[in-house]
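Next comes just one chain, in structure tokens: the form predicted on its own.
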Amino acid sequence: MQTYHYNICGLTVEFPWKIDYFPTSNQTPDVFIQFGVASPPSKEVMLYQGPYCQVAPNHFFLSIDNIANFMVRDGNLITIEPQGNIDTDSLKTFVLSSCLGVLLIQRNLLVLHAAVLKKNGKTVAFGGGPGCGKSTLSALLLKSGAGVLADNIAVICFDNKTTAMTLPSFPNIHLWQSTLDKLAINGYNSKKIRPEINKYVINIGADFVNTPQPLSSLCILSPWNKREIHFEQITGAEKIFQLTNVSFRTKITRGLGMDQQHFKHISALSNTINMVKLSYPQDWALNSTLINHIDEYLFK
């Protein structure tokens, strides 16, 4: 079977199918994605069980009805067992979100739910829960001249005790059709994430920042019902609390037996970057004002 090698989060990942627009790699693969039998961990070693997943040290199992079973092992292998016809768009969605995030944690990297953008020489991560506006904000900043390192999964490593580096993920952002219509983004190729979902992958091409960047700030997004746009500095123990909140799948991290290492990572990050909380109205009429505030506060 022909395979394809791509550079994702600093790793060479071998896929069994081709992915358009992804940066290719000619290096020896670090990670292999293959079709096969995906099995859950035994109950004797399982540390966490959720509605769709079962987790043990170095072993993550995810089952999505009518799509596939997925198994992530040892930080270097993702096994896919499709259910029914193979739909590579749907498989890619889960491989490059839940499965990749878990694999990176297995590789002892810090993974955050955050978009990461670079502008005026500064790299800023924007973190928050579902619906807080990460992807919409990414698109707005993209239109204003920013480059994108990551849309939803931010991968952080530490070159030394004083520098946190953000690894580039993949050259796209994800937007719902309604958001895409309002933003009127032109000049980019787009495709549905999955056939049955009205959400699109926007391939950003040359606006993808494909080299690791030192992270200068983490901005916690906090939509509210006021008309004001307000920045608040985050200090002390609040940094640890906020970093825990935006960490990728903390229950799964615990199930992997990586709790202690995760705490070391967020403690190190809290000591190396600026952190702020951005409270803002999700009002399309104020988007230009919001971007101006962000430029002034974070990118200058």
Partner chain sequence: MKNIIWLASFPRSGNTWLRYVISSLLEQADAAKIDIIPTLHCANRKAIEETLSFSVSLLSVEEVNNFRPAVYRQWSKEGTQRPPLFIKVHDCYAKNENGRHIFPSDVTQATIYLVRNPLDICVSYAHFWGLDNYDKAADLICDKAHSLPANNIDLFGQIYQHIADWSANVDSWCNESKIPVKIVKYEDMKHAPLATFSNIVEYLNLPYTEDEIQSALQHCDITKFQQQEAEIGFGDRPYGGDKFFRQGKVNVWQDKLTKHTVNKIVSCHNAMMQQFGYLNDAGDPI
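Positions refer to the first chain, counted from 1. What you see is a predicted model, and the numbers here were worked out from it, not measured in a lab.
Another form exists, predicted in complex with its partner chain; not displayed. Remarks below refer to it.
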- Message: Please determine whether Arg194 contacts its partner chain in the model of the complex, using a 4.5 Å cut-off between heavy atoms.
- Response: yes
- Message: Please determine whether Gln282 contacts its partner chain in the model of the complex, using a 4.5 Å cut-off between heavy atoms.
- Response: yes
- 4.5 Å heavy atom contact, Asn186 to its partner chain in the model of the complex: no
- Distance check, Thr93 to its partner chain in the model of the complex, heavy atom within 4.5 Å: yes
- Task: Scan Ser178, Thr88, Ser190, Asn120 and let me know which has any heavy atom within 4.5 Å of its partner chain in the model of the complex.
- Result: Ser178
- Query: Only one of Cys53, Met275, Met258, Leu47 has a non-hydrogen atom within 4.5 angstroms of its partner chain in the model of the complex; which is it?
  - Reply: Cys53
- Task: From the candidate stretches 229-237, 59-67, 267-275, 34-42, select the single one in contact with its partner chain in the model of the complex, where contact means a heavy atom within 4.5 Å.
- Result: 59-67
- Every residue in Gly145, Val209 and Lys300 with a non-hydrogen atom within 4.5 Å of its partner chain in the model of the complex? no
